[in-house]
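Take a look at this single chain in structure tokens; it is the form predicted alone.
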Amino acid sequence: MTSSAAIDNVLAQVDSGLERSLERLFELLRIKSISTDPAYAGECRKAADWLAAELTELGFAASARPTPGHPVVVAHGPEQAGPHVLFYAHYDVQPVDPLDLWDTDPFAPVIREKDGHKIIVARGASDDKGQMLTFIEACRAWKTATGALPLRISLLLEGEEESGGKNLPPFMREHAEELRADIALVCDTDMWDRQTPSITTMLRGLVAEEVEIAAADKDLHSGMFGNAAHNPNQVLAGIIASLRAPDGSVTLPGFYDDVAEIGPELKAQWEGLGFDEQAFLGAVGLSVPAGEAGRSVLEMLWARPTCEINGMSGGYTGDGFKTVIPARASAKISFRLVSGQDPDKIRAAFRTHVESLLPADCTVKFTPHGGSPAITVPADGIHLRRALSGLTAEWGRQAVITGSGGSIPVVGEFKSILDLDTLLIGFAQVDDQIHSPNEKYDLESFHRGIRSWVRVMGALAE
């Protein structure tokens, strides 16, 4: 068990060592670990080796492990009583294009002022090097102040998250016994607002499908064949239109069979977050929610499944006009799933629905583009409650439980491969401009992120 005096000493170490922590962050930010570009493979290796060396210095058994792509850094702290946590982050970054939109060199980190607070500007400052180092620097502060970590800690640091992460799942399967723990921690998400920490416990799953409708064996003149020949564009448009009912619900048979309502306690907490639906939609030039009638926007985004048309193609789309009936038309369609829904079942229901609407002389081809189930962490879990208490103690505001409309594949892989629930705890802000020019991370996010992990580690160790 960790005492409050011990935690106070560690927090004092964080504060006194902040300047050196920033120096280490800047060292890592200067490494151009762009995973998607083969020209930067050496830089990715350099970042992995840097992390392995830092963790070794902290007393971890750490190494940069080879994969068919970029290395995976694995580190294990000493065996000790209490829960065993597996921390995940990624050291690779997005490309910096367009370079001319950056105010400064993206790999020459600087501290600037913005809206009255200090920010760290560099590629990877928020996504995910700054976030990753909040945890590592918290480990450093514990070691420096007390001589030991408060609980057993392992780290799994990926080098391909920004380029698909295809080599991590087989690595995890190969090393599953080594990587097993009691809970996974991920630092790659936002706070609810600038002063309210959050833990994301719900991630939607995903089914991505490409559908192509074909009719005639060649493009046809719309005057010579109009009315007489099926138009794949029209057939596909009808199928797409049939996927949503007027009330915004998805029409696939059985789509909602396994969807549960959120509990009243969680619903009340979401209602108390002060989320401004009009401002959320207004920021992108919209005003009226388009999902299921009678649902709040947060429910639509976090707790309800959806169907979206991500792209459509068919016929002539160039400049001018061409009177053609295309031989083929295609669309890319995705379904975001919630807990309980089976991606294979939803994919099969979609295909059956399309086939049932296919007229004579038309054929369909389906191309899958991945699928993953939704993830939900039990709201009454002991690790979640302790982590919430640590965050609340640091920020002086009740930490909140949030969902995410997006999908984070590694969280699903932790569950399916390692049977691990995951707590997503991040300190980024919504205006960090990740993946964009002038990416930034608030200095407060970095400083108090380290302090937050100190408290969360202490709380988990109790």
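These figures come from a predicted structure and were not determined experimentally. In this text, rigid core is short for the largest set of C-alphas that superpose within 1.5 Å between two forms. Heads up: residue numbers just count along the shown sequence, starting at 1.
A second form of this protein, the form predicted in complex with another copy of the chain, is not displayed here; the remarks below concern that form.
- In the model of the complex, another copy of the chain stays beyond 4.5 Å of every heavy atom belonging to Lys143.
- Put simply, Arg304 is close to another copy of the chain in the model of the complex: some heavy atom of it is within 4.5 Å.
- Another copy of the chain in the model of the complex comes within 4.5 Å of a heavy atom belonging to Ala283.
- Using a 4.5 Å cutoff between non-hydrogen atoms, Leu236 counts as a contact of another copy of the chain in the model of the complex.
- Partner proximity in the model of the complex, defined as non-hydrogen atoms within 4.5 angstroms of another copy of the chain, places exactly one of 165 to 173, 385 to 393, 103 to 111, 202 to 210 at the interface: 202 to 210.
- His221 is the sole member of Lys118, Lys365, His221, Lys267 with a non-hydrogen atom within 4.5 Å of another copy of the chain in the model of the complex.
- A single residue from the set Gly226, Pro378, Gly254, Gly272 has any heavy atom within 4.5 angstroms of another copy of the chain in the model of the complex; that residue is Gly226.
- Residues Met300, Leu301, Arg304, Pro305, Thr306, Glu308, Ile309, Asn310, Gly311, Met312, Ser313, Gly314, Gly315, Tyr316, Thr317, Gly318, Asp319, Gly320, Phe321, Lys322, Thr323, Val324, Ile325 are the members of 298 to 325 with a non-hydrogen atom no more than 4.5 angstroms from another copy of the chain in the model of the complex.
- Shown in the overlay between the shown form and the other one, fitted on the rigid core, is a CA shift at Ala122 smaller than 2 Å.
- With the core superposed, Ser163 shows a C-alpha displacement below 2 Å between the shown form and the other one.
- Core-superposed comparison between the shown form and the other one: the CA of Ser198 stays below a 2 Å shift.
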